[in-house]
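Below you will find one chain, with nothing else, as structure tokens; this is the form predicted on its own, and questions on how it binds or moves follow later.
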Amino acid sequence: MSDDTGQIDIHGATCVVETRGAGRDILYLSSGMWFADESAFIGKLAELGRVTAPVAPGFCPGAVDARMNNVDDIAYLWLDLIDELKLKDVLLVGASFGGWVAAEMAVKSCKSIAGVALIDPVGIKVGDRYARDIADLYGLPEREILRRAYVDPSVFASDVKSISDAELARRARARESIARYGWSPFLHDPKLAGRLRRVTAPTLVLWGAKDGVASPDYGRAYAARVKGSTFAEIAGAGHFPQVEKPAETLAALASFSGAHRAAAY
């Protein structure tokens, strides 16, 4: 099958879907964060199988669908996408905000999901009401956000003079959409932590050892709520190990993928 990027309509909701590679079905849900570029990693991930990488309404160009205003809406949309594209034995991979969406999908149905890999996901509350589990991405200066997100902030180009109009538009839409879907309560679903026990697919929780957006302790608390899950750190990486340490992240996913696949290709 050839690589492709195009629009798809799912029950009246229009989204952009990129497909890369061949082999077992991999659904990749990107971080959605405006200060991360995961395009290169999607290409790397295609070494493991046929990657489907959708972009949720609001994050892609075009009018915002007024019906889409909750993370649940995206989770159900991508479950419908799995059915629409007839994906099978799916390796579901989600990072940061995309990891939150992946977790919401997994608690609803793992019917077509062979394994779940969460990379520094947000989405739950683990501390008390006075504890900040996730850094205030809208209140902190950009320099501080990048310092918390990356061990080496230079991997993310922030010089607006050298950025294309398309990339600037992507960042603006991402910043707006993260707020749309995850503003109140901030980047979590109060009910998700208690529902993670419903995840029936084998689960891997990967975490950047130097993550300053959501700490590895937050990641361990996340993994502890998914029965039988495995927690692993990626050394030398912050909130986006797939960006800073793509080879190490890919190796961890390859090992997990090889151990949890229901069909031979």
Partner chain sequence: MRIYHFSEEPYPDAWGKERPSLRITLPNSVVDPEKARGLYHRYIDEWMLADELGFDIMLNEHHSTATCLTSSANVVLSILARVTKRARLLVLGVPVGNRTDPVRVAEEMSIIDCISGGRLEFGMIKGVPYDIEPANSNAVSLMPRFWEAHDLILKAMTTHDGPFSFEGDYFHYRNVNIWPRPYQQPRPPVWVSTSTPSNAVEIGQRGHVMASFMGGVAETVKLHKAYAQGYRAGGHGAQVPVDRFAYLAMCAVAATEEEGRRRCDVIADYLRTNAQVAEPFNKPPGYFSAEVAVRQARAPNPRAFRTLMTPKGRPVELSTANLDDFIECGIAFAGTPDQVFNQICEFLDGVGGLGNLLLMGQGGSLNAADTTDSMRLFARDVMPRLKERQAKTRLFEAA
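Positions refer to the first chain, counted from 1. Keep in mind that what you see is a predicted model, and the values were worked out from it rather than measured.
The same protein also has a form predicted together with its partner chain, omitted here; what follows describes it.
Although the partner is absent from this view, V155 stays clear of its partner chain in the predicted bound form, with no non-hydrogen atom inside 4.5 angstroms. For the chain shown alone, R175 is a contact residue for its partner chain in the predicted bound form, at least one non-hydrogen atom being within 4.5 angstroms. For the chain shown alone, R129 is not a contact residue for its partner chain in the predicted bound form, no non-hydrogen atom being within 4.5 angstroms. Though the partner is left out of this view, K86 does not reach within 4.5 Å of its partner chain in the predicted bound form, counting heavy atoms only. Contact with its partner chain in the predicted bound form holds for none of D133, K191 and R198, as no heavy atom of theirs lies within 4.5 Å. Contact with its partner chain, judged by heavy atoms within 4.5 Å in the predicted bound form, is confined among 87-95, 138-146, 100-108, 120-128 to 138-146.
Counting a residue when any of its non-hydrogen atoms is within 4.5 Å of its partner chain in the predicted bound form, the hits in 178-197 run A179, R180, W183, S184.
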